[in-house]
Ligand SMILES: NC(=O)c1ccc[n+]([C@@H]2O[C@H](COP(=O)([O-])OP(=O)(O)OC[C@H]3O[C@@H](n4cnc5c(N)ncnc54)[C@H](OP(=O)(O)O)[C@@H]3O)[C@@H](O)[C@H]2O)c1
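The data below hold one chain only, encoded as structure tokens and taken in the form predicted alone.
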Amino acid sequence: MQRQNGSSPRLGFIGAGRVAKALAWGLAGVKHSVVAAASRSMGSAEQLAARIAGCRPAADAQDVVDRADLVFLTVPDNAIAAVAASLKWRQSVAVVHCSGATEVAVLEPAARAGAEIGGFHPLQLFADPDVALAGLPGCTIGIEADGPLLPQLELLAAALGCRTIRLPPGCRARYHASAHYAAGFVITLLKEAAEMWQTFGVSREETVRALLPLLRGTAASVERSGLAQGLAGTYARGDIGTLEQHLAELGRVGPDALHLYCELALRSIPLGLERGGYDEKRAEEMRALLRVALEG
């Protein structure tokens, strides 16, 4: 929200973990005023505040609410509702949480007191705050808010160099779950590949080193050409001979590896068709082979 004198809002953070540090340091770096941070661990609040001129580490979360115009609740998902309900809010303040899956409705106690409420979720990995900070420009932030808070959050995202998407109420768990396909599940698939490579003597570390350039190239291809045109390999070409070789070998590896491969392959065929790599007749031949393997 914009302050009455037209200046940018004073920002505060309740929760001083990796997400809070990356956002607070990023926003302070583009000249936004971050005035206070609170955490269950005073050391975490002090660490966040130490890199921001004028930011005060607070022992009490209420102090952040009292000092700030816009409060980021960057506590664990299962604590958001309890923290929001425990604080005294006012009409001239806004509060947003940074959870992907949690509905904004959990902030209703603040709304009843007259505060504006919303969601501000960066689609970014936060394993390390400095790495996340460096990766913020260009990432997308899922925003949910109404009224004057919506454009204000979009301005904050733009200041960070981020794109935005607007999320309607009720979709957050679906949005968050689907994002796993581009994040954690990719790591799971790399683990599956590493386990398979270990069967012919290549270590997990060597596998990751070998496959990361392939993963980067895939991401670059999608960025350049889109999903369908970015697809390459067996299911871009409709290469039945290679598919048959894959199925025979994975059948020897074991049913789990075979079934996972078949499920992913079946979902790749529509992209190959969209790309124009083959016709529906060839697609159905591939589907038939994969279904037989799944049923075997």
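Quick caveat, the model's predicted, so the values are computed rather than measured. We number the residues from 1 along the sequence you see.
Keep in mind that the form predicted together with the named molecule is missing from the display, and what follows is about it.
For the residues C98, V93, L156, I143, the 4.5 Å heavy atom test against the named molecule in the predicted complex is passed only by C98. Between the options R237, R51, R67, R40, the residue in contact with the named molecule in the predicted complex by a heavy atom within 4.5 angstroms is R40.
Listed stretches are 215 to 223, 118 to 126, 189 to 197, 159 to 167; the contact stretch with the named molecule in the predicted complex is 118 to 126, by a heavy atom cutoff of 4.5 Å. Contact check for G272: every heavy atom lies farther than 4.5 Å from the named molecule in the predicted complex. Although the partner is absent here, V83 sits close enough that one of its heavy atoms falls within 4.5 Å of the named molecule in the predicted complex. Remark: G184 does not count among the residues lining the named molecule in the predicted complex, judged by a heavy atom distance of 4.5 Å or less. Contact check for P76: a heavy atom falls within 4.5 Å of the named molecule in the predicted complex.
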